[in-house]
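Next up: just one chain, as structure tokens, the form predicted alone.
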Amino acid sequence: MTPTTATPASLDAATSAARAAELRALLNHHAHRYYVLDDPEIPDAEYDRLFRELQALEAARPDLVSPDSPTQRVIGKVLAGFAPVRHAVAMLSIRTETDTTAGSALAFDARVRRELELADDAAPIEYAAELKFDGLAINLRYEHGVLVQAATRGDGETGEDVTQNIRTIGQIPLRLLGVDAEVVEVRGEVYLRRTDFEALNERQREHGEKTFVNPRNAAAGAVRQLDPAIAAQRPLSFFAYGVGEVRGWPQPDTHSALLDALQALGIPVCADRAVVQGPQGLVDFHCAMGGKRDALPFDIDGVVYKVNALALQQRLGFVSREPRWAVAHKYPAQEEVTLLQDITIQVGRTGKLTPVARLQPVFVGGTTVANATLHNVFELRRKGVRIGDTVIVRRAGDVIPEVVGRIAAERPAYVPNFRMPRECPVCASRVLREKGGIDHRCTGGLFCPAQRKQAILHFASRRAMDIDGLGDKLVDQLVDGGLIRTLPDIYALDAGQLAALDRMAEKSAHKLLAALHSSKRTTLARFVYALGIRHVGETTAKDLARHFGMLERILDASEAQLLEVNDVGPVVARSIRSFFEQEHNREVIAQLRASGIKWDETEGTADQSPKPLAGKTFVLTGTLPALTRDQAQAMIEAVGGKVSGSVSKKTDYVVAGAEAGSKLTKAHELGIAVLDEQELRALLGTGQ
């Protein structure tokens, strides 16, 4: 029974604190009953009344607000970005068996028994079998029972802090039940139920906004929203499947018992799991869940098998950063048959042309598919697909729809093979396929609207024109709003236009204009790299600048002349020549120079300083005490050296700093000279 409500003003400090604690406990209890157990004890109106009472208490006494208060589920201002989080225990991935037959389960059991050196007549191994959810992996860190941080997997070692968005998920408790351990990290998957996904897309359509391709993308996008209010509008769910760092909480002896223990703490754990004996138990579970797959309220793309005993898991250990004691066993991609009505061309952000099948809509893999990729013209020909065919559609990996092939049947009339266009369907630039390659590409990089955003982002990147503040979201606004159509339009922006944009204050507008002005003083190498010519990276751009010295000479260089440049081969030479042969690309370059972009025209061939390390290849790894990586690279290149990204037999020196990784290990294996910063300076002749 809920105690009688009192107004905040009528309560003394001690009574207010006690009532706030009582309300927090009540609301957390009822949230668990509603979101996790799906068994509410009170009407929504009563929950709302209790919630408003707690809000009033906290408003009157801000010192009563605590991290586990239900009122803190949607808090925080819009972030500029996510802070990195170093995982105390690495979030490693598990091996995936793509063979969808029973053979994968049998092979996994055989590997485990072999690693444990078990005799053929030894007892079957006990496994924990569970579902492989199609969502986003998350680490929840609880300290003394209170949720203090949530982070994405990231690269396994470092993720992103998404705490404020994870707080919006009602299923995730802000305080664990009956636990005050120093640290308990819970790991699991954030996902969207199918009904919630369909309702979300319906809302998007009603508001004229972009719909989501699949539940996984929608869930991942919600978790990575910089505005928690937007994340709160997406009905996310959560299932736990393990733990990370644990201090002060006794762990059970088996994985299945661990999941039971997490459930007792108020953490949602999927009920579709089992403890099975030996390989036949794994096969039976895989078969049972496969039959149940379409009836599940959420997407899965397989099941996961884990050796149940934690002691055996420790004995088995890891290989190549994957546990030997676990494996994911996929299901066959779901397929349906439909009519191929047309084939059109889609031009990607990088200029790649992809043939797309326009289909008679068909429900497959949990969603309605009307378009599917045909990848490239060679794959299309291999499958023998033509317009008017009845085709098999599959959601490859249960995510990307693709046309697998055609149903063998006589065509009612002759239909010619599909041919890739010679001109880009978006900008009419020449389409080029590299010799020996499979992809066709538009050569109008600076001009093509389909590539506009990518071209701008590359042009503004740190190693190109270095326009600080011109990022993805701002470029989206500028292009979608019609303020930028080609690259030179960047330099025509004014403070009024920028300040009028969403989330762009006057101070930010002036800061961007200052960055634009600063970027106009650059180098020839940076400018060439900024143009985004295919196959022309930083090193090639520097080689071109050094060899030709002037932009005009690069613009007019023949393929034969380009082949004289260090490390420029036929493919690169043809790509450069094709780019500059496009009149609209040359026009964009002329407009950029007219906007005030300048560099020292003598930076190339006029530089006749000694090059004592010409021909020597360096690799940088780790963090140097005083030099940044860019500074070290510039010093090496100034004396003729070349900096590579990977260690090979052709590497002359590896420069290693703090936290040097696999590159240092490989250098030792190959017997390559390793230098620290002081030794590098001595070699370059720069002193201390």
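This structure is a prediction, so every number in the text was calculated from the model and none was measured. Numbers follow the displayed sequence, beginning with 1.
There is another form of this protein, the form predicted together with a small molecule, and it is not shown here; the text below is about that form.
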- Item | Candidate site S93, Y241 and P323: all three near the small molecule in the predicted complex by heavy atom within 4.5 Å | yes
- Task: May I ask you to choose, among K306, H375, R111, K616, the residue with a heavy atom within 4.5 Å of the small molecule in the predicted complex?
- Result: K306
- Task: Let me know the one among R386, K453, K132, H547 whose heavy atoms come within 4.5 Å of the small molecule in the predicted complex, would you?
- Result: K132
- Message: Within 4.5 Å, heavy atoms only, one stretch in 224 to 232, 93 to 101, 444 to 452, 509 to 517 touches the small molecule in the predicted complex. Which?
- Response: 93 to 101
- Message: Just checking whether E160 would be counted as a contact of the small molecule in the predicted complex - the rule being heavy atoms within 4.5 angstroms.
- Response: no
- Touches the small molecule in the predicted complex: M504 (any heavy atom, 4.5 Å): no
- Item | Any non-hydrogen atom of V269 within 4.5 angstroms of the small molecule in the predicted complex | no
- Message: I'd like to check something about E189: if you look in the predicted complex, is any of its heavy atoms closer than or equal to 4.5 Å to a heavy atom of the small molecule?
- Response: yes
